[in-house]
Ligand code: BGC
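Here we start with a single chain on its own, the form predicted on its own, put down as structure tokens.
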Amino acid sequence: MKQSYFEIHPWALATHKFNDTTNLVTESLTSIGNGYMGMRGNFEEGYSGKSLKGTYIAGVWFPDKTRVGWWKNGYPKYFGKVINAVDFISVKITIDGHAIDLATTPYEDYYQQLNMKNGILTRSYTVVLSDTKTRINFSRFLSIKTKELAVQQIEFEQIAGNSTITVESQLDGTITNQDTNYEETFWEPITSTIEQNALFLSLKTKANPFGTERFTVSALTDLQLTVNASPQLKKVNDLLLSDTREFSLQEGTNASLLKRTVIVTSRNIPDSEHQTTAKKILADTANNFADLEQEQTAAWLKRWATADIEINGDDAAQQSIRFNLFELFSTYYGEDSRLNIGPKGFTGEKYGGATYWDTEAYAVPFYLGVSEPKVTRNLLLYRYLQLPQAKHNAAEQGLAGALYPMVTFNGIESHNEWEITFEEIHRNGAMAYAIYNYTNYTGDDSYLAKEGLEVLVEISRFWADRVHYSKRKKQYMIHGVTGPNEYENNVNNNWYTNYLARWVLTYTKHAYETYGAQSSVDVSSKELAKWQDIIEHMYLPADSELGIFVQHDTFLDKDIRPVTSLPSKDLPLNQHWSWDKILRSPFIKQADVLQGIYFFGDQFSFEEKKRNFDFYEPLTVHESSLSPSIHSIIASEIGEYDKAIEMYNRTARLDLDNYNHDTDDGLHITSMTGTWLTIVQGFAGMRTWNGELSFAPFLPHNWSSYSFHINYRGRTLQVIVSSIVTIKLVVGETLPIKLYDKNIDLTDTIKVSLK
């Protein structure tokens, strides 16, 4: 059941009320970031009610102990987790001796807004204390012009009576995580200094028994007030510094505070240069909020110029697509090939902030469409740079080649559930598919010919070792796996996994035959012959009577029944049923067979797509955030438009309306790409099979129009869909495309009637 937390605005999340019972959700929804760092929508002044404090730095993590009562060979030694960095936004506020805390402070006229045009989060309310009223306005953002910079402004307006106000700005390293290492601390003090009205705190992650990389994070902050207030600078302890100012406001007067903070890390700067570097960045930064806000707005508008999707006729849909795009760009914009996209981004601790196969399956096609190719290439390089670790993962399983991790920060598998670590090996195929996707979409084969070929060969060696030959059926099989549907474990011959493995071997063999002679990769003729034999004799379960691909060998032996047969009180299953009951049920967490049909849509007929969709979608509970978008895209393709729209709304407003009752611990960042995919690949029918760009749009019944831009092979196109379909060549040379199966040379603008 969906819920609403914010008013509907095309460019903002806004509310005129504060609900303490849903604060965890609104903290998640008002998260901000700039790709380098991010934070939840926590209150600067502090809040003693339910809250998940969260400030995170990209690439900074810690190995959480894997505490289980049993062990197996090859089991990961730790579960990597994102950790809370120094809390630099804290500004404690006291008015006439009363510590401001919305859990205990009387207030009125609350307002909160996340402006998605420029990434600025604002909040305001009036504190009511006996015969005084003080209006407090908070504004903050993380700069996308200067990635190390965080900017805060707090304004005070004395509405009634006179008040004495104290503000205490802090750098606080005494922080923990709620779900990692059981409330243990991670940070050791390195340096803390107070000079020239600035606080500097440097912390290093503590040593750990696994010998993983230690990180140093340093923060430099200064404070400016528009009223006279002598600073009281204090080192509370080695992990906590404060700058306290006290001033008085008469009725009708106001004051403003500007807090600028610079964060640098050992990932980019040697420890010995942290303070010098931070000082230089701060010195080069504007020292007034108006200029900093103007820079931020201009930088965000540049991003929106080509990435925005405009929807007319449905403000809720408009808000949701922009919210998803905003949070995606706040998480990752491709500047650093050492970084990737965690399922929760900077919005919470769940999933550990690590990298999953979501990136290759969902994020790659999104970034290909909205950004320069180098952004996606950096995602591919991320995996290439971790190829040695992927080979280590395979060796841990006693297998050849490379096994990319399900969960990782450094390329080493760090997921502590056996059915994931050992069995969900389909993620290996997604790595290969991303290389194909990049090459096919951009037309650039330089990555495939070099780094990509190395990755493909090692993945293929893994698959060739992981299959086994059934003498009885004279076919190759893959037993003991978990497919994308994680509501089944340890199954034999998951159709999607087998199909993907065969495709990887086919694609790699062709790539090697094309580029192998000019590369350093060496594949023997014996290996190539083995790959070909597997390709020709891979077992793919199917049922001729139903005309479907069977999810795995025994799936049809289950008590097959639709989700509609369940009482609503049972949903979501993962919050109401035991794991054993879920595993025995026919209900599907997310697209599995349909994931393969989505990936390889040019290899299946319309009838095959429809039969499989009609069979599997009614069994699917969509309790993975990744599920609705795939179903929406296929539903659009087979003409099931109502279902396509239903699934769009579910993926687009998954967090905004808290569909799965789990937004409190963070947003579903990687699945947000699905919102873009459902419009561009689903509603607009964009496909790029075999290097050919095509469209087949339809218009949702409650929309009057929608439009978007895409980048494709050095061109920028604008697509506008209303009663007329308009495709404009905005930048670049003539491009052959297909529109409703008609071949067209796009030289400027074409218009056709909507079909």
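Note that residue numbering follows the sequence shown and begins at 1. What you see is a predicted model; the values in this text were computed from it and never measured.
Beyond what is shown, the protein has a form predicted in complex with this ligand; the following relates to that form.
- Only one of 624-632, 523-531, 95-103, 367-375 lies within 4.5 Å of this ligand in the model of the complex by heavy atoms, and it is 624-632.
- Proximity of K589 to this ligand in the model of the complex falls within the 4.5 Å heavy atom cutoff.
- For the chain shown alone, M406 is a contact residue for this ligand in the model of the complex, at least one non-hydrogen atom being within 4.5 angstroms.
- The closest heavy atom approach of P343 to this ligand in the model of the complex falls within 4.5 Å.
- Interface residue remark: Y476 is not counted as part of the site for this ligand in the model of the complex, having no heavy atom within 4.5 Å.
- Residue in contact with this ligand in the model of the complex (any heavy atom within 4.5 Å), chosen from D358, E349, D87, D222: D358.
- E486 is the sole member of E617, E148, E486, E637 with a non-hydrogen atom within 4.5 Å of this ligand in the model of the complex.
- Of all the residues from 658-697, the single one having a non-hydrogen atom no more than 4.5 Å from this ligand in the model of the complex is T670.
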